[in-house]
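Presented as structure tokens, the chain that follows is alone, the form predicted alone.
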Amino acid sequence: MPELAEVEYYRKQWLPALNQTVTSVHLNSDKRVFRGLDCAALKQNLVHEKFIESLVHGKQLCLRFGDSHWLGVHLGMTGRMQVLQAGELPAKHDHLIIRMDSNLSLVFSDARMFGRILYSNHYLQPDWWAHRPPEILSPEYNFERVDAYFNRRTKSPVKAVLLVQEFFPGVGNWMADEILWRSRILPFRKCGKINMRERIELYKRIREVSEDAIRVIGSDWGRPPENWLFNHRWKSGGICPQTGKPLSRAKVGGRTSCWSPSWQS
């Protein structure tokens, strides 16, 4: 599932067509990614509108066309965004194709169709974009906010809490594991058992991992350095980059988690 940095990477893929005008829209209206959407309105209304802005918040994308058109994208598990050059043909799973006056085509593809396309035609922000929590790297996202939320979820495993998008927008499975590993906190620790010193450290690492992920992955899908947990967490038999000892893997809060028993407590 794409997380904050991967979504930022895909946001940038449509930027070559910024300030260009839509000439036609093609979509596979029977596909699940368009559930609940007025496909006819999307096809008709975007034509002749200029692509003016590309935004991201957590795991959600918002592309703006003209003064009143809002196109939302949830990537799901296999959603992808790309630009096709003139003469390039769409592929089997390219479900939305927006052709521009430069002959570029903006494409959303999704093989497993867990993603979703949203659309609103209004001068005001649609509900799905207007009601967003503060971004992790924004000034509004402070320690007091994180501390207060932990106090509301004292009996929940910290790993499960970090995945709640209402409070940790953009944090997914690998980011939560990386945050906890850098904080030296076990994923199944209850929030109520995490002391103030550990909470302050956790808050710092939430921001640090978000910054690092955007810098390394969000820029050009670069490979994280070997001193991150990231490269060692995916399969059984991984080794902790800090201690050189085996990592453990198990489900915590319904998600497969990875941690270092020799490093985290």
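It should be emphasised that the depicted structure is a prediction, and the values quoted were computed from it without experimental measurement. Position 1 is the first residue in the sequence shown; the rest follow in order.
The following text describes the form predicted together with the DNA, which does not appear among the structures shown.
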query	finding
The DNA contact at Arg199 in the predicted bound form, heavy atom, 4.5 Å	no
Contact test in the predicted bound form: Ile97 vs the DNA, heavy atoms, 4.5 Å	no
In the predicted bound form, Pro90 touching the DNA (heavy atom, 4.5 Å)	no
The DNA contact in the predicted bound form: Pro187, any heavy atom under 4.5 Å	no
Segment that reaches the DNA in the predicted bound form - one of 108 to 116, 138 to 146, 178 to 186, 80 to 88, heavy atoms within 4.5 Å	108 to 116
Contacts with the DNA in the predicted bound form, stretch 51 to 88 (heavy atom within 4.5 Å)	Lys59, His74, Gly76, Met77
